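So this first bit is one chain, no partners, the form predicted on its own, shown in structure tokens.
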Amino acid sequence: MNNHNHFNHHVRARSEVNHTVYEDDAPINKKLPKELLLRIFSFLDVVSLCRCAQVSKFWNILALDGSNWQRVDLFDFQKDVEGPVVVNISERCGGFLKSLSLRGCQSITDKALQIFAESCRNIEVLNLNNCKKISDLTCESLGHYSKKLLVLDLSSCSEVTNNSLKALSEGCKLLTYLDISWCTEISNGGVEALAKGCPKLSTFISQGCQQITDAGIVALAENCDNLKRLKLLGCQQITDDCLSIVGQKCHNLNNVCVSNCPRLTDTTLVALGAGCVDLKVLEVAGCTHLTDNGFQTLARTCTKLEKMDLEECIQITDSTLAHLATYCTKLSNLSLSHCELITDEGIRHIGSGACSTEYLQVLELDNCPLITDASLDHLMGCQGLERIELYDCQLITRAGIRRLRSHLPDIRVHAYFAPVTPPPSVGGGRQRYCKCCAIL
């Protein structure tokens, strides 16, 4: 009996709450016009909109109005999102939807995206990163219906081939940004078609696409003269020849990544220095043929550089750092990890350079065996320095780090100190330490 009364009380209470909260004639609905409520709803994320849709019939209409669904990001729900979800969003949003992120939604198939492309023809930004089930059929639909598409991320969509880029080149003439990283089936033929059909392209990212060689990059340089960002990490077949054409043709380039492109030499640096004077980001990690001569030439003209990744550029010496300190006055992020010829003198140049007091924020010196506590003393005047990496710098001491911290109390120092009596190494060779070992 008690349980029965309790149940009835719960039902009555719930009924009263429903009557109070879900009432369409609530004051806010009477005092604010529908247009203003819609404007307020337009600032809500997907989860909040769905919650509001459950408040009342009136709020359901407002929350699910297509104008509130112009930008949808389903990354947080990637495990649950399947084709019907995309179809429902497509049908509800229609021409309102301008930006959709399905990043990581691995259950999405071509069929759902074909319906999406046909329903949402005003889409401008589409992120399909890691949607592993999609193929060229999706891009063919985009090429047919998505004439306003500006930004497309296809990274890690391993089934995508050259046919996708050809479809995009024929239908998405306004495309400015494309990421095809780890789409290993794509080669020069696709890139060449894309370059000819999408001349407005300003960002091209193709990390790990080892079938792309000089011919593909030359086509981009010759057809896309507004190219600003070029990321070719791990495209191991490219050489100085294509980067020389890039330097000649792409004068607006400000962000270049050619890390782990082992065939590049100083010729690339000279070409970029001659033609890309607005360069702000340069990543050349693992390019072991680059020397002081190339970086000195680059530094004299690319004075706007802000970020440089020179990890494992094993031939550079303090001379490169002297030129960077002199000419690159806005340098904020510099990686010199595994540059084993760098000494305290090079760090002295950086610490006393024009960039040091105002701009320098991150300095990575992992595995620079000649660096000592003197380098840390040279950095004490870098008031903006936020983080320094010192893993496997055997000549750095705890005392030196304490001294640096006394001048820069907010700095994050990541370092590793081997045991006093280290265990014998197995297999020979110098031991490399994991970056998780210690954060001091």
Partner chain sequence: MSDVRGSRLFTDLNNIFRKDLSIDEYDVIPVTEPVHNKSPLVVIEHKLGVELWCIPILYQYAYDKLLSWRARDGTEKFLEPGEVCNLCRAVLLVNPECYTVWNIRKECVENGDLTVDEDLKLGELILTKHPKSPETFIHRRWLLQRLLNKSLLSSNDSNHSNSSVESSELLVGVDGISVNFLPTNQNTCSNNHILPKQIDRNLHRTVHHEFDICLRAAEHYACNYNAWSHRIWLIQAAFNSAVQVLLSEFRTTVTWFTQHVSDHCGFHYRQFLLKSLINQSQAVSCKFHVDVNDLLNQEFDKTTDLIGTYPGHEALWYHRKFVLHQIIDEIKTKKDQLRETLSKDNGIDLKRSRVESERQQLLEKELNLVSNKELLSCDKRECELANRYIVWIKRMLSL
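Numbering follows the first chain given and starts at 1. Note that the structure is a prediction, hence the values are computed from the model and not measured.
From this point on, the text means the form predicted together with its partner chain, which you will not see here.
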>> Contact check in the predicted complex: Ile396, Arg405 and His414 versus its partner chain, with a cutoff of 4.5 Å between any heavy atoms. Do all three pass?
In response: yes
> Exactly one of Asp366, Asp240, Asp179, Asp309 has a non-hydrogen atom within 4.5 Å of its partner chain in the predicted complex; which residue is it?
Replying inline: Asp366
> What is the one choice in Glu118, Asp80, Glu91, Glu358 with a heavy atom within 4.5 Å of its partner chain in the predicted complex?
Replying inline: Asp80
> Tyr145 near its partner chain in the predicted complex, any heavy atom under 4.5 Å?
Replying inline: no
>> Quick check on Asn130: any heavy atom within 4.5 Å of its partner chain in the predicted complex?
In response: yes
> Is there a heavy atom of Phe75 no more than 4.5 Å from a heavy atom of its partner chain in the predicted complex?
Replying inline: yes
> Any chance Tyr391 has a heavy atom within 4.5 Å of its partner chain in the predicted complex?
Replying inline: yes
>> Quick check for you: of 397 to 405, 33 to 41, 59 to 67, 378 to 386, which stretch puts a non-hydrogen atom within 4.5 Å of its partner chain in the predicted complex?
In response: 397 to 405
